[in-house]
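Okay, so here's just one chain, in C-alpha cells, the form predicted alone.
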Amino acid sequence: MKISTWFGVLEMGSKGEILASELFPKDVRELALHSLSLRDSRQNLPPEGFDLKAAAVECRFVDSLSEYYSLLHEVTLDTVKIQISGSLTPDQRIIQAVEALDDINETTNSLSERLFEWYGGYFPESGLNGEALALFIVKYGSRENVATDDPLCLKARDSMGAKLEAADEMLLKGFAESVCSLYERRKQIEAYIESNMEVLAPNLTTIAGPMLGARLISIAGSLEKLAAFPSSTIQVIGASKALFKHLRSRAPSPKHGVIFSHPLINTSPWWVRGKVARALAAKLSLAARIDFYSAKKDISLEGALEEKIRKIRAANPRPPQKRQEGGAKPQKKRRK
C-alpha cells in the first residue's frame, strides 16, 4: 500500500512496516508546494493514527525528531506564505487600490486646505487652490518671483499679503511638492483601477464606469459577493446610514446609494431618479454576474439600459402633482 506524505511516498507492508520509500529533496519551497497539492488531491493519505515523525526517521528522511520538527515548521510557514500570496485575487487588488485612493483623497484634501490657508497670508488674491495652487508655489514660491507673462503677475505685484521670507518660502515649496506628489499618485492609482477594471469586469465597467464599478466591488467585498447581491441591494449599497434610519424610524427609504454618482441618475429629474436607480441597479447586477461567471462582454447591456431610461423619462415628463387635500370641512351653523 502506498502512502503519500509531505516528505515522500512510502510503500507499506501488511503489518505496517516500510518496504520502500521515495523521498523528496529537502527543499522547503518544493515540500510546501507538495503539501498543498496533497491537501487538494487527498489521495493515498496516511491512515488515522499513523506516526509520520517515526516514519520520517525510520526511512532516514531526517536524523532526529528535532530535525523533523524544525523542517516541518519551516515548511508550514512557507505553505502559509504561498496561500496568502495566492489569496490576493484581481478583485482584491482593485479593493486595495480603491481604499488607497480614499486615503490619498482624504490626506490630499486636508493638506491642500492647509496649504491654501498658509499661502493665503502671503498672496490672498491668487484665487488658486488644490493642485493648481501647489504647482504655482512649486514654480514660483514667493509672489515676487512671478513671471511678467503670467496672468497673475499684476495681482502678485499689487498684493496686500505679507512678505514671504526665504526660510518660509523654502518650507512652503517643500510642502507644496509633497502635495503635488500626492496628486500625481492619485492619478496613477486611478489609471491602475481603470486599466484593471477593463480586464476584471468589462460589463460592469461599461455600465457603471471604472471608478464606480470598482467602488461597488470594494463595498461588496469581492466581485463574487457583488454578483450574489440582488438589484435592490445594489441600488442602496453605500447608503447604510439612511437605510438603518429608515428601518428604525419613519424616515423615508433611500432610493440610491453610491450609484447616485452615475450620470444617468444625477442628471435625471428628481421625480424619476428612483425609477432610474432601479433600472440601473438591475443592469449592474446582471453585468456583475456575467463578469463573474463568464467574463465575456455583452454589448447589448448598455443599449438595453439606455432604452429603458428613455422610456422612463418619456413616461414621466413632468413632476407628479401634489395630492389635493379633501374638501373643506363643513362650517358649523351658528346658533341664533
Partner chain sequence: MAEIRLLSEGIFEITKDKRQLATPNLDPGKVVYGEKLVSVEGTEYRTWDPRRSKLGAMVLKKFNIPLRKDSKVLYLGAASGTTVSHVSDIVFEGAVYSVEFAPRSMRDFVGLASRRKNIFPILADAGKPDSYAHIVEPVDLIFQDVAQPNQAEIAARNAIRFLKRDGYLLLSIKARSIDTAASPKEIFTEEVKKLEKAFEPGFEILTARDLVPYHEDHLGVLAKLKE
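The term rigid core refers to the most C-alpha atoms you can superpose between the two forms while keeping them within 1.5 Å. Numbering follows the first chain given and starts at 1. Quick caveat: nothing in here was measured; it's all calculated off a predicted structure.
Below, we turn to the form predicted in complex with its partner chain, even though it does not appear here.
Contact annotation: residue 163 falls outside 4.5 Å of its partner chain in the model of the complex, judged by heavy atom distances. A residue is said to contact a partner when one of its heavy atoms sits within 4.5 Å of a partner heavy atom; residue 74 meets this definition for its partner chain in the model of the complex. Mapping the unseen interface onto this chain, residue 68 counts among the residues with a heavy atom inside 4.5 Å of its partner chain in the model of the complex. Remark: residue 84 counts among the residues lining its partner chain in the model of the complex, judged by a heavy atom distance of 4.5 Å or less. Using a 4.5 Å cut-off to its partner chain in the model of the complex, each of 6, 46 and 52 places a heavy atom inside that distance. The single contact residue among 297, 39, 29, 278, judged by any heavy atom lying within 4.5 Å of its partner chain in the model of the complex, is 39. Checking 80, 135, 100, 154 against its partner chain in the model of the complex, a heavy atom within 4.5 Å turns up for just one residue: 80. Annotated contact segment (heavy atom within 4.5 Å of its partner chain in the model of the complex): 30-38, selected among 303-311, 263-271, 55-63, 30-38.
The Cα position of residue 271 differs by less than 2 Å between this form and the one not shown after fitting on the rigid core. Once the cores line up, the CA of residue 65 ends up 2 angstroms or more apart between this form and the one not shown. With the core held fixed, residue 285 shows a CA shift below 2 Å between this form and the one not shown.
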